[in-house]
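Structure 1 and structure 2 below are two forms of the same protein chain, each written out on its own as structure tokens.
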Structure 1
């Protein structure tokens, strides 16, 4: 059931303790949303635990700096920035997917799976958490502000993506006034790369293929590349944007092999092409300019299916 902002705040006021779920392969928005909410609930005496299906990359450790994530006997399960319960990851979905009381999300492709859903189509889900915390009358301190800023900055590509709005900038200004450590966030998220990631990026870039007169670029990342570079899935949440950065490319595709042999596809587009529409055709979803889906077939079959569908649309 879709609910209002007030209803959402009322639900959080009704329960005494929470389990907060993020999506698998966590990024700055799902983690920033989760830890901002956790910090806010902690301020009103409501313990919570943030849980992710996958290991959280160490670069995000500043989000929980100064707080504990101790297990709690939770009364309610919340999901943040999760458009589809299968995005929770296999383990978390199996254990909690049918127990979610509240989903807080910003994806217009959201597939209702929770008992209650609060959805606003802002540039980031962290902006929705900002609105919610204000509705609850909880003071936003430096820790909360930094978490929300992280979510807003990462889901807008440091405010470069076309999903950035005037309201996003207004929210960022308020967060900075509240003490958000924006310099730390920007350094950790956009200016720091590990040696292992640099090696992976170099390998990935060497695989790029151009199609349809250079309007579509395809990049591949295999498990062999992860092993050779000593990188991992958690380090490369920004790598999907690389193919779209090539001059003339309107649709950038990154095909990433998962440990189970499936292929995770990330698509980034430029107008007039809709990434969410492309991914929805293959059972995925996301935003107009950034979306994803997954294939349970070979790499060549995955690429053939994607290019076949895109070839019917690209002009």
Structure 2
């Protein structure tokens, strides 16, 4: 059932302890949302534990700075920034997927799985947590502010992406006033690259081909490159945005070889080209400006299929 902000605050008031679930392959928004909520609940004497299907990368350790995340005897299960119960990850989905009392999410594509769902389509889910914590009358301290800032900055690419709104900036202003360590978050999230990732980026950039008079760029990443650079898929959150950044490029394509030999394709577009539409043609999906799909054929066949379809649109 979709519920209102007030109902959402009421549900959190009703139980004494919580399990807070993030999505698998966790990012700064699902983790920022989870730890902001945990910190807020702690301030009103309600213990909780944040649980994720996958290991949480060490760069996020500032989110639990000064607090512990020990197991709790929980009364209710909450999911944050999880659009579909499958995204909890296999293990967590099997264990808790049908026991979720409350989902707090910002994906308009949300597929209901929880008993109660509080959904607002803000740029980041952390902005929804911000609104919720305010509704609950809990004071936002430095720790909570830093977690919410991390979520908002993650999902807007540090206020760069087109999903950024005036509201996102207003929220950021309040968070900084409340002491959010935005300089730390920005450095960890946007200004730190590993040596291995830099090597991979260099190799990937060298493969870029331009097509259709420079309107479409294709970049390739192979398992050999991962091996040679000692990088891995987990470091490559932002790499798919590179081809679209080339001057004049309207459709940027990244073809990444998976461990099983399939090819994962990420497409980033500039208006009026619809990434979701292109990917849907190949059985994938996503947003207008960023979408993905997968191919079970060779790299050359993958490229040929994509360019064949795009060529008809890009005249």
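So that the term is clear: the rigid core is the largest set of C-alpha atoms that superpose within 1.5 Å between two forms. Here the structure is a predicted model, which is why all the values come from computation and not from measurement. Numbering follows the first chain given and starts at 1.
- Form assignment for the chain places structure 1 as the one matching the criterion, namely the form predicted alone.
- Comparing the rigid parts between the two structures, the hinge falls at 192 out of the candidates 53, 134, 192, 107.
- Once the larger rigid part is held fixed by C-alpha superposition between the two structures, the smaller part shows a rotation of 15 degrees.
- The rigid core superposition between the two structures gives a CA shift for residue 234 of 3.7 Å.
- Here the two forms are laid over each other by their core, and the C-alpha of residue 206 is off by 5.1 Å between the two structures.
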